[in-house]
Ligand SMILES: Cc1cc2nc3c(=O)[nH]c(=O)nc-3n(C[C@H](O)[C@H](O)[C@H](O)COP(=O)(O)OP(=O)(O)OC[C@H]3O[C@@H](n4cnc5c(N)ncnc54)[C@H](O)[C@@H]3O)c2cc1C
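This document opens with one chain alone, in structure tokens, the form predicted alone.
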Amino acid sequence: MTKIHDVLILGAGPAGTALASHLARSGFDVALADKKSFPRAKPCGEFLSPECRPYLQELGVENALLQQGTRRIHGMHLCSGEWRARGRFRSLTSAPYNDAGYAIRREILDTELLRAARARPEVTWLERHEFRTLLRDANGAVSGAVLRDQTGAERAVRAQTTIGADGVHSRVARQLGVQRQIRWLDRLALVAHFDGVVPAAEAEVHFLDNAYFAATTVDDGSFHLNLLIDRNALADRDGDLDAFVQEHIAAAPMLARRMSNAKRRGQWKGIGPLAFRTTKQTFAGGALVGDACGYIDPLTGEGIYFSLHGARSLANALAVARHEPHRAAAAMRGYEQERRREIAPRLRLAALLQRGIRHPFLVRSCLSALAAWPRLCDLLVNLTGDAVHPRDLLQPAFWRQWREAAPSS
């Protein structure tokens, strides 16, 4: 008789592994599948906003990450030409962890989250199992998926609930017909690590004409460099990525000075396009979570936070649906509503910033103002780094906390 899991999770990034851990603790029988073997490198900003930290503690991985050299990031330098503004995170009474974010390589983060999930006896790990197609029951509801293992053999894995956690280019979302590309934000990222750059306690964003660099020192002391550009900017090049990136570094004088003795470690990695939305995040027989729900490149690392928050929210909804079947539909609607309440305002802010940075004069004017008013720069960095939610700005209690909050050192 074919086994039917309680939940099948397709994708073992932060959203998938965090969801597996939460569900396992609630007694769910979980199958977790990914087409890759771990540890594996993945192009990413490699910065975790302060809001991620309580989720890492809850999942039991924060200490393991710190033991592997995770760096504390106390703020950001925002640069354009020779203009620079410094924003620092601020620890609030309601959120004492806001004093710093973390910088760590994705292969370390993903491996520790996966290790925590695999430690649960309720989790069956299906490594190097590639998602092929969704299975459906007689009523059209999703009832599992066909996976192809490392030998090329295909197998049907059935589950009462199937979750698409397969990232920004989610094949699950595409098969469901709910994914839409955001055409005006057709960007790709080029990512590499460099040795020979003096470590810093802040992340860096260097704005160019219609492009930008995001950079930070990560756990092993290397300098993680991420160039975000429109895809068509690379279309007519001959493939010499070092020369292409060097042209852009030369247009960012502060970054060029930082990297004057830098040597690239490993190969360039690329990913794109980076902007999608979904028309629905739940469906008969399952749901989407993390970047599979939609993604807008946010400048400052919100993607991991969105994944961790979404995983906990979805786990709570599935637990309600299991223990109170008459409330199952309402619980799943609640998951979508919670996502809109918590994440949608941040995505709108990210989209607004993405439109704004396409205008160099506007960027330089804003940096001039932010440099003149450091507390305003602190507020912007806390907003874009998830330490402050946009709705907090409407609460008088927030402003009282903000006046009393000391900036990170």
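Quick note: we count residues from 1 along the sequence shown, nothing fancier. Everything numeric in this text was worked out from a predicted model, so none of it was measured.
What comes next is about the form predicted together with the named molecule, which does not appear here.
Contact annotation: the named molecule lies within 4.5 Å of heavy atoms from the stretch 124-132 in the model of the complex, the single such stretch among 258-266, 176-184, 124-132, 77-85. In the model of the complex, no residue of the candidate spot (E51, I343 and R348) has a heavy atom lying within 4.5 Å of the named molecule. Interface residue remark: G385 is not counted as part of the site for the named molecule in the model of the complex, having no heavy atom within 4.5 Å. Interface residue remark: R171 is counted as part of the site for the named molecule in the model of the complex, having a heavy atom within 4.5 Å.
Proximity of A12 to the named molecule in the model of the complex falls within the 4.5 Å heavy atom cutoff.
Of the heavy atoms in R71, none are within 4.5 Å of the named molecule in the model of the complex. Note on contacts: among A189, L234, I249, A328, the single residue with a heavy atom within 4.5 Å of the named molecule in the model of the complex is A189.
Only one of E112, D291, D99, E202 lies close to the named molecule in the model of the complex, with a heavy atom inside 4.5 Å, and it is D291.
No residues of 321-355 lie near the named molecule in the model of the complex, the criterion being any heavy atom within 4.5 Å.
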